[in-house]
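Given next, in structure tokens, is a single chain: the form predicted alone.
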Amino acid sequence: MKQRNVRTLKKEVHKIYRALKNSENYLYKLFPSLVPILPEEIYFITTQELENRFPELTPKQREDRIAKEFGAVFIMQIGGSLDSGEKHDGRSPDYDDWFLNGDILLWYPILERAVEISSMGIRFDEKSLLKLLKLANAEHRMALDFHQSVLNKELPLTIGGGIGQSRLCMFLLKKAHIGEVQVSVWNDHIIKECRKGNITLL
């Protein structure tokens, strides 16, 4: 319970970011053309701080602006309404704790945009679950088995998230299209445009 705080969240983000940096440096040793671009440290900012800094921009534009400025950012507290009444992005009320979550974004010069590498956070406990369900007007979910298990403290407290593996490979290998690192089915228009750009799809 004592570990359910921003300090723990940032500590885990630093570990993940260090792994990203190490991977980038390792690839550079193998392939010198893959020059590292990640900054030494990742920058932390909340969605409200981001709105306060760029109130005239949309959430996506804010992400691009802050990622371009710092190179790597962790945007925290995603899911709830901001002072403007808008949400930075949607989040389920029974997934992360909206006050202890965030996204890792990297600025990608090739595409001139921020790339989301991970969405993660500290999962809710019984108190935060009640709070989030109330904020989302989803209190009826409390009757569900999983929610009852959380409310009755039958499950361990956890932290988790995902890594966008294809996005990360695209970033580290400096590819312009995700189809260069991930097998998929593409329509004729995309295939034609990629051929024009000398992009080889898998």
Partner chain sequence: MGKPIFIPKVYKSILDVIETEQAIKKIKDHFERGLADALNLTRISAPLMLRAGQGINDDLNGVERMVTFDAIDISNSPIEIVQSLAKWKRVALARYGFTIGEGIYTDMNAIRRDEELDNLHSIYVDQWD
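Positions refer to the first chain, counted from 1. Think of the rigid core as the biggest set of C-alphas that the two forms share within 1.5 Å after superposition. Small disclaimer: the values here were computed from a predicted structure and weren't measured.
The protein also exists as the form predicted together with its partner chain; that form is not presented, and the subsequent description refers to it.
- Among residues of the shown chain, residue 59 is not one whose heavy atoms approach its partner chain to within 4.5 Å in the predicted bound form.
- In the predicted bound form, no heavy atom of residue 131 sits within 4.5 Å of its partner chain.
- Contact annotation: residue 45 falls outside 4.5 Å of its partner chain in the predicted bound form, judged by heavy atom distances.
- Under a 4.5 angstroms non-hydrogen atom cutoff, its partner chain in the predicted bound form lacks residue 107 among its neighbouring residues.
- With respect to its partner chain in the predicted bound form, the three residues 23, 174 and 190 uniformly fall within 4.5 angstroms at the level of their nearest heavy atom.
- Contact annotation: of the candidates 38, 34, 136, 67, the single residue with a non-hydrogen atom within 4.5 angstroms of its partner chain in the predicted bound form is 34.
- In sequence order, 157, 158, 161, 162, 163, 164, 165, 166, 167, 168, 169, 170, 172, 173, 174, 175, 176, 177, 178 are the residues of 157-179 having a heavy atom within 4.5 Å of its partner chain in the predicted bound form; the partner itself is omitted from this view.
- Comparing the forms between this form and the one not shown, the C-alpha position of residue 193 differs by 2 angstroms or more, with the core used for superposition.
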